[in-house]
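Next up: just one chain, as C-alpha cells, the form predicted alone.
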C-alpha cells in the first residue's frame, strides 16, 4: 500500500480531486484540481511546486567513490566538478539502458545519484572490491521541485546563503530555509527554468509553507503528475517503463534499448572510464544503431479530417498518453510513438518515440495511428527535433 511522502500533510489538504497514484511506493498527486490545466500553465507561465520525494536517492562515498561512479554511469565523472550535476544513463554489460537519473558531486569523494527505480543492489555489485560505500538515502531526503519562470524570484526570498543569480544550469549550492540546511540544484523534469530542493523530511512542511507564503504573489501552485507528464513530453524527456524498458525488467532482448537508440548518445563518453557496457556501445557506435529516438508533430488538418468523418472535433483537452501506438511509412510499421499529448502552449499534437534509423531524419513524413470512435485510423505526422519547447529563460 502506498505511503505518504514528507509533504503529504500539505498536499493532501490541497488535493481536491482525490486523484492519487502510486510512485515508487509513495502516494503522489495526479491532479490537485478537477482538471490539470491550471497546474500545467503554472509550470509554463508562473511557478509550480511538485513533490518529487519518491525518487530513489543514493550516496556514494569513500576514497574510490569517483572510480565507482565512473564504472556505473556512461558519462565521464572526471569532468564533473564539485558543485556540478550531470544527467546520465547507466547500462548493463550489453550496453542496454538500466535506468537514467542525475549524479551530483557534493564533495571530492561524495556523490549523490537519483534514480527512478531501485538500484542499490546494482550499484553495490558494480562497486565490489572498491574502497567506496553505497548508501540508500531515499528516506533521509524530501525533495520538492519548483519549476517555472517565476521560480528563481520566489526562491531568492525563501533561501539564504545561495546566490541564485549566479547558480548555473545543472549546478548545486548549499543554503538554508528558516535556519534548516537545504541543497538546491538547478535541475528539473519540465524543460523550463526550475530548481529542486533537497531537505530533511522533518523540515519538509516548513519548506512548503515558506515557499507558498512568498509564492502566493507570484502565481505559485502545487502541480501533480498529469501536468508534469505534459511538460516533460514537450521537453522531449524520457520516462522509464514508458519510453524505454529497463534492461533489468525486459522479458526479451527486443524490449531493451541502448542510449544511442534513445537519443542519449551525447551522454556516452566512450573515451572516458571503462564503464559497464562501454565495449558494447563502442561496437554499436561503429556499426550504427538499428533504432533512433524522434520527436513527431501530427498534422492538424489530417487530425481534423479524421474526426470530422464522425462529426467530432479533435480531442485536445485530455491527459498525455503513455500507450504506445504504431508509426507507419508507406503502409509498413517502422516504429512506435511511446508518449504523446496535445501541447497547450504550442497548440500542437506532439509525440516522442523510436523509428528505424532510416526514417529518423527531421522532415521525414510518417503516419501515426489515431483511434477515432473506437476505429483505428492514421494521421499524417513529420519527424522533428526535440525539445519541442525550449525557452531561453531555462538556462539564462
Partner chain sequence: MNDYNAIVIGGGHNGLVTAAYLAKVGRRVLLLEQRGVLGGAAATEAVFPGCRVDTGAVDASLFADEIVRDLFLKMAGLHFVEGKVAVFAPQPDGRSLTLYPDVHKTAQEIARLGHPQDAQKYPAFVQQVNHLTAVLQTMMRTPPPDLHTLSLSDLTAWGKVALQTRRLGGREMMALLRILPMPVAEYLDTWFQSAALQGAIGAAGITGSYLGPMGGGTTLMLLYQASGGFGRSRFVLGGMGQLAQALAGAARQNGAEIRLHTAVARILLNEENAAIGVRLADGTDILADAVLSSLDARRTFFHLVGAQHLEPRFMRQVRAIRYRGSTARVNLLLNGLPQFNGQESAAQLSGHIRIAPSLTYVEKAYDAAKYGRFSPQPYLNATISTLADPTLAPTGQHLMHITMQYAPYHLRDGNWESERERLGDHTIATLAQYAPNLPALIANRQVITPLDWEQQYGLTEGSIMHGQMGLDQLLVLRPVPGWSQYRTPIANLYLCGAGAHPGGGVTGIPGYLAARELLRQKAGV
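Positions refer to the first chain, counted from 1. Note that the structure is a prediction, hence the values are computed from the model and not measured.
As for the form predicted together with its partner chain, it is not shown, yet the points below apply to it.
Student: Flag residue 129 as yes or no: does it have a non-hydrogen atom within 4.5 angstroms of any non-hydrogen atom of its partner chain in the predicted bound form?
Tutor: Contact check for residue 129: yes, within 4.5 Å of its partner chain in the predicted bound form.
Student: With heavy atoms only and a cut-off of 4.5 Å, decide whether residue 298 touches its partner chain in the predicted bound form.
Tutor: Although its partner chain is absent here, residue 298 would stay clear of it in the predicted bound form, with no heavy atoms inside 4.5 Å.
Student: Taking heavy atoms and a 4.5 Å cut-off, does residue 276 contact its partner chain in the predicted bound form?
Tutor: Residue-level check for residue 276: yes, a contact with its partner chain.
Student: When the contact criterion is heavy atoms within 4.5 Å, does residue 71 count as touching its partner chain in the predicted bound form?
Tutor: Yes, residue 71 lies within 4.5 Å of its partner chain in the predicted bound form.
Student: Could you tell me which one of 176, 108, 125, 140 places a heavy atom within 4.5 Å of its partner chain in the predicted bound form?
Tutor: Of the listed residues, the single hit is 125.
Student: With its partner chain left out of view, choose which of 156, 305, 121, 81 has a non-hydrogen atom within 4.5 angstroms of it in the predicted bound form.
Tutor: Exactly one residue meets the criterion: 121.
Student: Have a look at 129-137, 227-235, 199-207, 162-170 and name the one stretch with heavy atoms inside 4.5 Å of its partner chain in the predicted bound form.
Tutor: Among the listed stretches, the partner-contacting one is 129-137.
Student: What residues in 89-107 sit within 4.5 Å of its partner chain in the predicted bound form, counting heavy atoms only?
Tutor: Going through 89-107 in order - heavy atoms within 4.5 Å of its partner chain in the predicted bound form - the hits are 93, 94.
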